[in-house]
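First, one chain by itself in structure tokens, the form predicted on its own.
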Amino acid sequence: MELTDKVALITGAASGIGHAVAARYARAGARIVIADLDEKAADAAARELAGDRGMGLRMDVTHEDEVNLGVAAAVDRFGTIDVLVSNAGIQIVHPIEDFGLAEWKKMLAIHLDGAFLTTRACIPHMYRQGSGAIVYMGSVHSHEASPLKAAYVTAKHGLLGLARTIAKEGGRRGVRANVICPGFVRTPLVDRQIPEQAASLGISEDEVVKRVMLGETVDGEFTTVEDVAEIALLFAAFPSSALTGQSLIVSHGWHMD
């Protein structure tokens, strides 16, 4: 599948899954916009992956003006937005009784407000040209729950509802929406969870990896960033609306629908 000359904006893409998606899109011919809190890292990644066909932006996806200005700058540079990948995210783990309201709001703001704000900023450009693809980075936790992750599970479930609504609203105007639902991917985000969960659950870090994270997979393997990037390409480049509104679990068999 190809994205020749399509313009793709990927949030949280200076590293991790977002970086892998941007790299895959660049190889498929896309012009890429890397939006990240770290502007220097975003610029460096854009140059590395796409040269003058890349652009880096500082973007806090929870700030309305920053999102709107960033999307406007990308459109000024490349003319439109064909693909949005809403990938920016964090993780905070606590038992529900210890979950502070500020942390709860932060989690939902980054995952849900960020998805809403970037969608709202990009979709008029897609409507104008009669085509576009929006890809939300969900999780197995869009379908499944785990202890200590009330805010994350809530946010990732919410992305399913947002994608399905955008699929309904955008369908007649050529815009598709989908959710990728990875299992555990060995990124810095997951690495930080290992000692946190070990302390909260009273088990060793090795047990967290083998039992909590990979215990339900068919092969005891982490999902890779490359696994996720291939599905991101599928959703961005699929030639019709046959898959719109759907989510796809990428978890080495941990969860199956």
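Residue positions are given as counts along the sequence shown, with the first one as 1. What you see is a predicted model, and the numbers here were worked out from it, not measured in a lab.
Below: the form predicted together with a small molecule, not depicted.
- Checked against the small molecule in the predicted complex, the residues 46, 61, 30, 229 give one hit for a heavy atom within 4.5 Å, which is 61.
- Taking a 4.5 Å heavy atom cutoff to the small molecule in the predicted complex, the contact residue among 201, 194, 50, 189 is 189.
- Just one listed stretch, out of 72-80, 181-189, 127-135, 164-172, contacts the small molecule in the predicted complex at the 4.5 Å heavy atom level, and that stretch is 181-189.
- Taking non-hydrogen atoms only, residue 88 approaches the small molecule to within 4.5 angstroms in the predicted complex.
- Contact annotation for residue 37: at least one heavy atom lies within 4.5 Å of the small molecule in the predicted complex.
- Under a 4.5 angstroms non-hydrogen atom cutoff, the small molecule in the predicted complex lacks residue 233 among its neighbouring residues.
- By the criterion of a heavy atom within 4.5 Å, residue 16 is counted among the residues contacting the small molecule in the predicted complex.
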